[in-house]
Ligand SMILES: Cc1ncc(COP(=O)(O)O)c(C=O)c1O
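In structure tokens, one chain follows: the form predicted alone.
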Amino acid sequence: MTTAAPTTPALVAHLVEFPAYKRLPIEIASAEGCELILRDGRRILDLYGGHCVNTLGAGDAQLGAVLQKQWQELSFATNLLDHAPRARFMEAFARNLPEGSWQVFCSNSGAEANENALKLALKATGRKRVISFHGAFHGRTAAANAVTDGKAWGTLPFEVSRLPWNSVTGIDDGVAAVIIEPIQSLAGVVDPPPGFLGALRVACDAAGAALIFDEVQTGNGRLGAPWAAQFYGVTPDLFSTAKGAGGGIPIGLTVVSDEWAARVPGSIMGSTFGGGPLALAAAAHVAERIAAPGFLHNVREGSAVLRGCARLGPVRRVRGEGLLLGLELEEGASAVALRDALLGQGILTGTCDDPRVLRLCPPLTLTPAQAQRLPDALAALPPLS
């Protein structure tokens, strides 16, 4: 006779999401182009674009076909092997670059791209100090967080000096790099004063420091030019990008001039997923679309329509360039209240660290007719309480 093995109570796992995000009270079922489709069938015009991610809008058929084909041909490969998507990406991405000779390193996010730019500048100069600016946001990983204003945690990995916006004071031969968002997005879409970026270029040259542009949001055609470097006519030594570069597929890119790349060994960089065939196929397609005739013209046309929001409802002026815009509200008005009111009218916008600025960063495929929905809605809104 056998005896049954003793039983133990089943262990039950319980999982909830870490409370990092305060989500809006809408239920999304799907998305198409520049519109979100809710479970009840309503359509919401998306003027937030996933924080500048949805360059080509949601569900773009051409990008979808590229991804499906690449997945079936070669979904992933180690960086020890070369593959066709890398060559296609290099060719497509080069078409949009500022004048000069460049090298690129692929990673997975904007924070990683900034980490790599900072690491390269520190290694190349042998210096230990980096300059960033009040209001800056460069990411949440250790080095990127160290140069982010007001959100630093833990022990900094290097010395950081933070300057007021529009200052070039203190850029000396002890500085490895100056890192800057050409337009500060999270701070409230803060534009660079005329001549500021050029003055930084001169100061960095004099000090032998690297000038790094964080183009995670300003790049990939968002300003109506491929890069802020071309829009403002100031070329950095290194620049980073991510978000819209993959059109919804995660990718981070650190772009460095030949001169600065020659000062460090290639072995200081590495990534498991960075530069995978699927991500590079997506990024190549996005770069090709940005370079296509009429694409950037559409960005500028949509921007011109959205600039018509100035003096409508509580909006006093419009900051930013292209399709990275901030609606500055009148004294006492709340961007959160306006966001919620517009959401009730079928338009999704975003907020930022400035409580009086509403942020817009829609897909770059936004048409002028779609953009006109925002000034029309603002003109029809009752006064906010």
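Start at 1 and count along the sequence shown; that's the residue number. None of the values given here were measured: they were computed from a predicted structure.
Another form exists, predicted in complex with the ligand; not displayed. Remarks below refer to it.
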property	result
is_contact(E115, the ligand) in the model of the complex, heavy atom dist at most 4.5 Å	no
Contact label in the model of the complex: Q217 to the ligand, heavy atom within 4.5 Å	yes
D237 within 4.5 Å of the ligand in the model of the complex, heavy atoms	no
Contact flag, H138 vs the ligand in the model of the complex, heavy atom cut 4.5 Å	yes
Segment assignment from 107-115, 219-227, 86-94, 258-266: heavy atom within 4.5 Å of the ligand in the model of the complex	107-115
Contacts with the ligand in the model of the complex, stretch 243-281 (heavy atom within 4.5 Å)	K243
